[in-house]
Structure formats: structure tokens, C-alpha cells
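One chain comes next, on its own, written out as C-alpha cells in the form predicted alone.
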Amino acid sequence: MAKCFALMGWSLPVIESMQKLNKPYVVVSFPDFENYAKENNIPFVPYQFDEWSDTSNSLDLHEKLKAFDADVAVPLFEETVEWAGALNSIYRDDPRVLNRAFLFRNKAMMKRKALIGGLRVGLFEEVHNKEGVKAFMKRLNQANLQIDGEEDSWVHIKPFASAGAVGHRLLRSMSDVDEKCQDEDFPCLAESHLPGQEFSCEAFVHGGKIKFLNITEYVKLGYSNFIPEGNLLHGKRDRIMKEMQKLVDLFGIQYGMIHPEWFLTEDDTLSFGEVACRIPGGHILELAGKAYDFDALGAFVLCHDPSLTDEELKEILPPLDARPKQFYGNVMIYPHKNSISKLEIPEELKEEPYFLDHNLIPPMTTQKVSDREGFGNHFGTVNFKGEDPDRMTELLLHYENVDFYH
């Protein structure tokens, strides 16, 4: 077992899991959290993750962590992936661990690696201005044999290293490029639109092998998902597992958990979207923990430990072929208005047998709603539990459009 886990980033749920499991840990995060950590006896090292200099670097952080005997670093958030990679390169005496971390933090590099390894990806290109996006869209139109008068091929642009949907823009036409793109968006990645059912996988990896695989079905990206996967995706599980192991092998992933997103079309084409190696959004691990009855956050941390034995893995992970009878899903709630003053829970929701609970909070006074950046600032979730994935899908689609705030 690791002497001490360095948790890269502040997450109270992860801290609580480590305390329940009685595992040694130290939190590395911004100095803003230091007072809270001291008041609550949380081992803590203050560090400015957004700085990299002669005095703020992985070697310096490594020295500071020696006092805690840390020997495994765990990235909790997107912005700490390189820091964890750098530390684990030192702990494992393997510089490639840091190189792999860069793969997760640069979407263009990530897609090139996937393409070289034989995964199906869309067309993609690094662009530096609006004209670059228009040129990319024109080449897509040509490749798709478009004729005059047909709609343009859809293009997505996204930052190289942001989490989830932050900075993600869908461009459906040349005019969209002028209207939606800002100078500060560049440089960025432009990619073709991938059709099909979108889903993610959460693969707990140890010794380069997938020890447990969860499939999360997305009802609508950024709004709703449920676990385990519905019947269609479950019928493809063996194939998905093979592609996932191919991804693990291709990226040289040895320990931890990866969270890739995929697209499955009606003709059974499986396309790779992107992959992360930190805690996924959408409360996915929370749902997985409920569905499979295990400490998903704790397992996420412990799988980063190279010294973990097969017996210890079996204690913390569900069986590879586990299939829960109950589905757990949630819909993330965003106000539909720019100004809100009250929370209203519909009676139909209270009477719905699948309704589990919610964590929506009424506004104290009239409150202005800021513009959304990605899907990061939802006001809370409405949670569901039931035995029929089709009914779960219906409910999540329905309540995505219900206005809870007035």
C-alpha cells in the first residue's frame, strides 16, 4: 500500500472517502484552503498550480511532499493532471508518465495518438483564427461532397486543455464562425462533428489492465446521464471493452482511472471523442457508487497505487461482469431566465416513483443568472432511481426542459 497519497486539488468528498478508508493522504491545493484544512486537521500543502517557474515546479513540490512521505500523486481535476504526472514520473522513476500526462492535456496530441493507434476519430486540425476555421469547414464540405445550397458541415472548436464543455462551440455554418468565435478562443482545436449515441466509460486500470469498467449513458451532454448503460449499449459491452483496452494499451496507461467519451452510430461505427484521467463531471462517480454499491471516489484514488495487490483490488472494485438491477440517473438544472427569485418543484416530480431526491436551493433574493461557460455552473441536480432505462431516459429528457426557477 502507498505510504501516502498526494491528492492534487481540493475535493471534500474525496477527503471524506480517504478518511473513511483510513488511508494516508495529503491535499495539495491553493493557499485559499489552508485555514479550513488546519481547522479540520486535514494534512495540507499550499501550492499555486497556475504558476510554473524556477521556484514553483514539480521538483520543488516533491521536496515539500517528502515531509508527508508521499509516493503516489492523484489528479482530481483537469488542471492538476500535469502536476500529478510530473510527481509520479519521479516516484516511479519513469519520465514517460509525464509525457502521458501531456497527452491528456492537449486534445490535438491526444487525437493524433488515437489515430496512429487505429482508433476511429473525426477530422481535426489546430486553428489560429476565424479564417482557419472557415478553411477547415470548406475542406470538410469538399470531403463530404457538398454541393451549392446544402448546409455546411458542422465543426466543433474547443480549447486544447480545458475540462468538459468549457470553451466548446458548435459551428453549423460559415456565418456561425463570425458570430460565435472570439479572438480569445484561439489557438484551439477544430474537429468534425461525430454523430451517434454519446457515452463515456470509466475504466479503473491497474497494471495496464482494466479491472472494472462502468459505462455511462449520456441522454444529453452537459445535462443528463445514467448508470449503468441502457440495453442498446449493454449489448455492445464486449466490443466497447475491447476498444477500451486498446485505448489503455495505446496510451500506455498503467494505473488510475480514465474517462473517455465515445460515439456509437446506428450502423455500429464506434468513434473516439476524447479522454481524461481525472474525476469526471456530471456526478458520474457518485452515480456509479450508488449503482454498483462501492466507494467510487476511494477506488479512483487507490487505483493509482502501483503496490496495490489483486486481493485489495477485489475488495474495492465491483466484479468486471457486474450488472446492477437499479439504474441511477440525474439531470443538471440550469435556470431558463436571466433573473430568478424562487424555486418551484413540480407536483408531478414529487409523485414520480423514480424520483429519488434533489439538491436545488431556493434563491435568497432576486438573483441574476450569469452566462454559462461550458456546463460547469448548474444550480443542482434532480436524481432518479428505477429499473427501466427507457423510462429513465424519458424522465431525464423531460425534466431537462422543466423550469424549476422563476
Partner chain sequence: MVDQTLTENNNQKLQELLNEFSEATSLTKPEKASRLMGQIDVLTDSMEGYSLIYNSIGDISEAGIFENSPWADPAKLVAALVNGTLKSGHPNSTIELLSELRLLAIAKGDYKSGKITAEEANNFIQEVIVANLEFVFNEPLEETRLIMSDHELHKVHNLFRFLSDRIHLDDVKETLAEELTLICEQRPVVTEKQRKIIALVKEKIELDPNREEDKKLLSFQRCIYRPTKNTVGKSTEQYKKLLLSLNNTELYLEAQEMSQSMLEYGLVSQYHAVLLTFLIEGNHLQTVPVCMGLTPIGETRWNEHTTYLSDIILKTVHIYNAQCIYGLAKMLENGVIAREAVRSGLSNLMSIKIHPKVEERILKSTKNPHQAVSARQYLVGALFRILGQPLGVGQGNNPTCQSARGISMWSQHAPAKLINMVQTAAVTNDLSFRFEGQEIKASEIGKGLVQNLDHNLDAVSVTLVPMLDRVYNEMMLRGSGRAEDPHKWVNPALYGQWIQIGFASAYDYFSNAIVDFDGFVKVFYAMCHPEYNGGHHLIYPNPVGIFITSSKGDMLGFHAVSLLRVEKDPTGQYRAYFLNPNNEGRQDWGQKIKPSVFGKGEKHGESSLPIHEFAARTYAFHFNDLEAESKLDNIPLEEIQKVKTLAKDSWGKSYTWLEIKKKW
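Small disclaimer: the values here were computed from a predicted structure and weren't measured. Numbering follows the first chain given and starts at 1.
One more form of this protein exists, namely the form predicted together with the partner chain; it is left out here, but the text below deals with it.
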| property | result |
| --- | --- |
| Exercise: residue 59 in contact with the partner chain in the model of the complex, heavy atom 4.5 Å | no |
| Contact test in the model of the complex: residue 36 vs the partner chain, heavy atoms, 4.5 Å | yes |
| The partner chain contact at residue 393 in the model of the complex, heavy atom, 4.5 Å | no |
| Contact label in the model of the complex: residue 355 to the partner chain, heavy atom within 4.5 Å | yes |
| Interface residue in the model of the complex among 32, 347, 54, 51, criterion: non-hydrogen atom within 4.5 angstroms of the partner chain | 347 |
| Contact residue in the model of the complex, from 198, 286, 185, 274 (heavy atom within 4.5 Å of the partner chain) | 286 |
| 4.5 Å heavy atom contact with the partner chain in the model of the complex for all of 290, 360 and 385 | yes |
| Residues of 27 to 62 having any heavy atom within 4.5 Å of the partner chain in the model of the complex, listed in sequence order | 36, 40, 42 |
